[in-house]
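Presented as structure tokens, the chain that follows is alone, the form predicted alone.
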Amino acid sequence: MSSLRSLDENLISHIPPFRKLERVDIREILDAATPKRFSAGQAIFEEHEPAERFFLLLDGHVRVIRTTASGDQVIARHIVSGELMGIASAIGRTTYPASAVAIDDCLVLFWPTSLWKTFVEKYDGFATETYKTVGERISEANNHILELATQQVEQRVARALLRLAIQSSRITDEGMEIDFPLTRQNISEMTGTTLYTVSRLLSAWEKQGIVNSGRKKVIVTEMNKLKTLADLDPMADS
């Protein structure tokens, strides 16, 4: 895509940081943006590199990865279309705190970080919604740390699959299919456990009719049973 003039303002007008803005403001924001496509597996930005840009994911899915002091990779979260990422300025950083890697083919818009202050000061609701997002992500990260410290492996894996199914899935004849490529290795990196353990759990859950997994694919076939494994109320809303 060579020009953003082909992008209608309605494309981002429903996204929280932009939904309070007038069309003229959204047009101004789009005119300041640069579109870019990333192929599956391609890094959008790297941990610790200078945060020179911030991004909006228009299409696709992105995996956020942190590297531990021992060199292990940990999947911190997943980004779906309509979410901002690389917003290091929102937490007072000048470098990216994690890497972002395209799970599938992605289309993003990005802006130079030098425009961050302008966006915050000029556009109604941008700061409020963005800092709300930051707060939610910090809370999510803290909960993840607590899960790693206090929960059994089975519970952690079940909760991870539930979060993904709720965040980004499509309904199929079999159940709720997580709608981006997901391997058992990915799940192990999300939950702080081994590939062997994840494989053992998924195989057992498949025999119980709770999930169905294949090559880079996971379908939750019995949501209430998975909630029970995650120690959540099966009657709770998804």
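Note that the rigid core is defined as the largest set of C-alphas that superpose within 1.5 Å between two forms. Note that this is a predicted model, so its numbers are computed, not measured. Start at 1 with the first residue shown and count on from there.
Unshown form predicted in complex with a further copy of the same chain; subsequent notes refer to it.
Proximity to a further copy of the same chain in the predicted complex, taken as heavy atoms within 4.5 Å, picks out 146-154 from the listed stretches 146-154, 78-86, 162-170, 100-108.
Contact annotation for residue 192: at least one heavy atom lies within 4.5 Å of a further copy of the same chain in the predicted complex.
The closest non-hydrogen atom of residue 200 lies beyond 4.5 Å of a further copy of the same chain in the predicted complex.
a further copy of the same chain in the predicted complex is approached by residue 134, whose closest heavy atom lies within 4.5 angstroms of it.
In the predicted complex, a further copy of the same chain stays beyond 4.5 Å of every heavy atom belonging to residue 27. Residues 90, 91, 92, 93 are the ones in 82-113 with at least one heavy atom within 4.5 Å of a further copy of the same chain in the predicted complex, listed in sequence order. Once the cores line up, the CA of residue 68 ends up 2 angstroms or more apart between this form and the one not shown.
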